Structures are given as C-alpha cells and as structure tokens.
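A lone chain, given as structure tokens: the form predicted alone.
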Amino acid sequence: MIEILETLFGLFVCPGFIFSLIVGGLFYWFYRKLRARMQARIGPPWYQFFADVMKLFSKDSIIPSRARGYLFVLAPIFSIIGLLLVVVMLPIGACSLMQSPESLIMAMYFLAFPGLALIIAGVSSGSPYGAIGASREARMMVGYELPYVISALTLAFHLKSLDIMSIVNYQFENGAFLLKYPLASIASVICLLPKICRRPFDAPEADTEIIGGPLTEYSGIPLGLFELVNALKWFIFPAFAVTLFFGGGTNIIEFLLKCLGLVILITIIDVIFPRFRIDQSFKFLLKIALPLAIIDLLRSVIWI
C-alpha cells in the first residue's frame, strides 16, 4: 500500500504533474517576460499563466456543431497523458520514478503525443483554420521528429543501451554528451523549437495568419487543458534535452538551472528570428538539423 501511495505521489505531485506544471508555468512566464523586455515592453506578472488557466476553467466550453465531439475533447487529454508519462521517466535530481531498459524509446514515443494531439484537434474541430493548422503540424512533424529521434539514438548506439538512467550515469562519470556529440546536441535543440511551437517554427499556430490554427475553435476547459499542455512543454522538453545532452543534474537545483538556460536560448531565438513559411521550416529541418544528427549518429556507430 505504501509503494502504491508513493507511486501516486510521484505521478501527480513530485516529480509528476503538479511539480511539472508549476515549473513549466514559471518557465513560460520567464519566456514571456524576457521576450517583452527584449522588445522594450513590461511583460506579464509571474502569476499570469495560472490566472489565465483558472479563468478558462471557470468559463463554459463550446463545442462546434461540426466538430467531432469526442476527439475534440480527448485531444488535450491525450497530450497531457503523454507528457505525464515522460516526466516520471526523467531522472530529475539524479533519480527517476519509473525505470525501464527501453525508457528512451518509450519517452520518444510519448513526446510525439502533443504534436499528434494538435493534429487531432485541428482535424476534429470542423474549422478551416484548424484543418490548415493540423496540416502544417503534420508536415512539420515529418521534418522534426526524424532528426530528434536520430539525435537521441546516437547516445543509445554509443552506450548500447536504451535506458535513460544509463545515459545520465555515463555523463556523471565522463562529462556531458554535448562535448562528445555537439552536432546531435545542436540538432536536438533545433527540434525543441517546433516541438514547443516557437519561432521560427510556429507556423501551425500562427495567430497573425490562421488565428490559432488547431486551437481556433477551443474555449473553456478544453482550451484550458491545452494551456496546461503548453506549460508542461516548457519544462518537459528542455528537461529531456538536459537529461540526454547536458549532463542531467546531480541535484534538482542544478537540473532546473540547466533547463532555464535552454529556456533563455529558446527565447532569444524566438525574438531575433522571423517566422518561417511552412516550406522553409520543412527544408531547414531536413537540410540542417537532419544532416547534423546523421553525422553524429555515424560517428557513434564508428565509435562502437
């Protein structure tokens, strides 16, 4: 009984949903605040995200008559479940709640859930803006998932292991994989931008072009759930990159500081780069990120 309670606590409190949501919400606020300062604006207060979510959860949810209701509602839940399953695999502070010999493959699979959820949301909404956003996200996923997976598999080939904990332990003893495989690290960081939907790869949700893309028809609680997904992304995707390429963290403070460094980098790129067209994004990912990932994968295979 005690083990079950400990598992539930880890899944929903720390390092699970509540911890990830609070840290992700603060990282999201830091991104908005830093971006505002770089653009000579004041920016929102630290509690803005949490206030917005509470407001959305207090409003009525409107489901369009042309929408496929069950898919429309399940899409954000599907995304949250995928991210929650990833966070319990990550060794935050040098220990993880759930360990598996194939945890790397499982995590990569679950990290694709948010992108798939956006596609489902757009297709099921019955809106032309949603359909356009879904088609953009589908095309973008083809471009970023391949180099993202190859970058991670580079480490698996090097260690002959698919266990995330083995990757972290190796870096504790031998240094971060960033120094050994810098090209794969760069490719992985590039892929973070479309995964979090930041410039220059934010075409699927481009508000100035297609309003909100897949989220155009969402309101109330379903939109609030997608806001929770957005906050979780701001923590879990940088945390996964830190775990694989930046040495993890011997304690939770070191781990979060490394994640914050990636948030700052993403913010700077978001501010200084304009939005790519969808064809420009696709070509950039296949011509830049993919070759970088493949080069280090070949180096890893030759190393073996």
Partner chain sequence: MLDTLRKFARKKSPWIMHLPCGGCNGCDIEVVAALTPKYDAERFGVLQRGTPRHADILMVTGIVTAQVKDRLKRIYDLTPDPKYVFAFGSCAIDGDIFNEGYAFKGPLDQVIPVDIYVPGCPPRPEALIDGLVKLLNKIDLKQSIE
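Residue numbers count along the first chain shown, from 1. Since the model is a prediction, treat every value here as computed from it, not as a measurement.
One more form of this protein, predicted together with its partner chain, exists but is not displayed; see below.
Not one of 274, 280 and 283 places a heavy atom within 4.5 Å of its partner chain in the model of the complex.
Residue contact check for residue 217: one or more of its heavy atoms lie within 4.5 Å of its partner chain in the model of the complex. Mapping the unseen interface onto this chain, residue 58 counts among the residues with a heavy atom inside 4.5 Å of its partner chain in the model of the complex. When its partner chain is considered in the model of the complex, residue 253 lies well away from it, no heavy atom lying within 4.5 Å. For the chain shown alone, residue 54 is a contact residue for its partner chain in the model of the complex, at least one non-hydrogen atom being within 4.5 angstroms. Segments offered: 264 to 272, 245 to 253, 42 to 50, 232 to 240. Contacting its partner chain in the model of the complex at heavy atom distances within 4.5 Å is 42 to 50.
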